[in-house]
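Just one chain follows, in the form predicted on its own, and it is written as structure tokens.
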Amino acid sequence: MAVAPMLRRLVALLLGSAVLLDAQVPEENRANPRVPKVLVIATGGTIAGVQDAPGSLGGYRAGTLTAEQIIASVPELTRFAQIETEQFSNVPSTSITPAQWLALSKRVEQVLTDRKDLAGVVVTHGTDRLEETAFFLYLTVRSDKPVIVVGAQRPATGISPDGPINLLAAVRVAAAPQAVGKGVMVVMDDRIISAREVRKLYQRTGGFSGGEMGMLGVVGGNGPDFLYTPTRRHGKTSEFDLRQVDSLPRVELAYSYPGGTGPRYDTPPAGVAVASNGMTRAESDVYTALRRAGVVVVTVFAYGDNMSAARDPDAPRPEPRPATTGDAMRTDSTRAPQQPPAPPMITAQHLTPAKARILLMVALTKTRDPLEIQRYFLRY
């Protein structure tokens, strides 16, 4: 959408650059050999948002500014990195699809593999779906170079926009040697959060959290300061090679609730992630039938914080219980007819329902074996 001339001038004044919407980062700053190279891949979102009434509390159009325009509004970036930009998309994050996750993951992995001179990648993204895109990249980008996902809760032309300071912090983390090997991270409000644990709790600055286990460090005046490192598999240790994958399996997200009867599908999906603190009998019957029909079902604690007990498929198994005298003497004709047992239900640990769905989608690109998929859920 074109921006009216008066709006262009207002935007430029508010963001501190008289030519913001046409600006390019000066070539002499991009080529500064004293600082690392960082690629900024823009996807849209509030960080690229512009208001019809700049400087107000009014609405805005997400995904308006380009990657170059966003970078030009933060000249301080060139102190810490040689910035290159790439426009992947320019949409609100609610428009991001699994197909775009797949394309973005392939692009990020390719550029980190081909470009030995890059220190890392920053992905600008809308915040509504930021945590899901970040987790998909965490599972599937097989590189130890840092990948930082960043966004904003206020548009670029709003009062006290948070995008510029978030972007500056993200670039500083991406350029830092100590960020290597820590997996995909989200940087918001000077917090460095593992993409596995990050969550958007509310729609204002300070609204992103890593919960009890996900905050890795902070970005201060002297740059990023790390205190923790993720231990679940990611980066180079990931088994999920999606280079030859053209589409992701269909996985549905369902909720269990008091009085629930379970979902009905005209065409069964490949998998279902069920947010549940305990199922009704009717729901249990539905998911048992789906598993017998070949649908892989994952149960996940509704609020994401539970460390559910799940058997490691590689762990030693107890010896089978010997039959009792009564069992041994009972004839086939006296036993009640039984259906074959359903494949086991997968258990997710410390994942939100949305992220359990993503891990199941990725796991199903490799196997439909529930025991193998349970192993993935214990290791990622």
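Heads up: residue numbers just count along the shown sequence, starting at 1. Keep in mind that what you see is a predicted model, and the values were worked out from it rather than measured.
Unshown form predicted in complex with a small molecule; subsequent notes refer to it.
- Although the partner is absent here, Pro92 is a contact residue: one of its heavy atoms lies within 4.5 angstroms of the small molecule in the predicted bound form.
- Not displayed here, the small molecule is kept clear of Pro224 by more than 4.5 Å at the level of heavy atoms in the predicted bound form.
- Within 4.5 Å of some heavy atom of the small molecule in the predicted bound form lies at least one heavy atom of Asp128.
- Taking the partner from the other structure, the small molecule in the predicted bound form has a heavy atom within 4.5 Å of a heavy atom of Thr46.
- Ala62 is the sole member of Leu351, Val38, Ile346, Ala62 with a non-hydrogen atom lying within 4.5 angstroms of the small molecule in the predicted bound form.
- This chain lacks the partner; the member of Val296, Ala169, Ile148, Ala152 within 4.5 angstroms of the small molecule in the predicted bound form by a non-hydrogen atom is Ala152.
- Heavy atoms within 4.5 Å of the small molecule in the predicted bound form belong, among the stretches 338-346, 51-59, 38-46, 64-72, to residues of 38-46.
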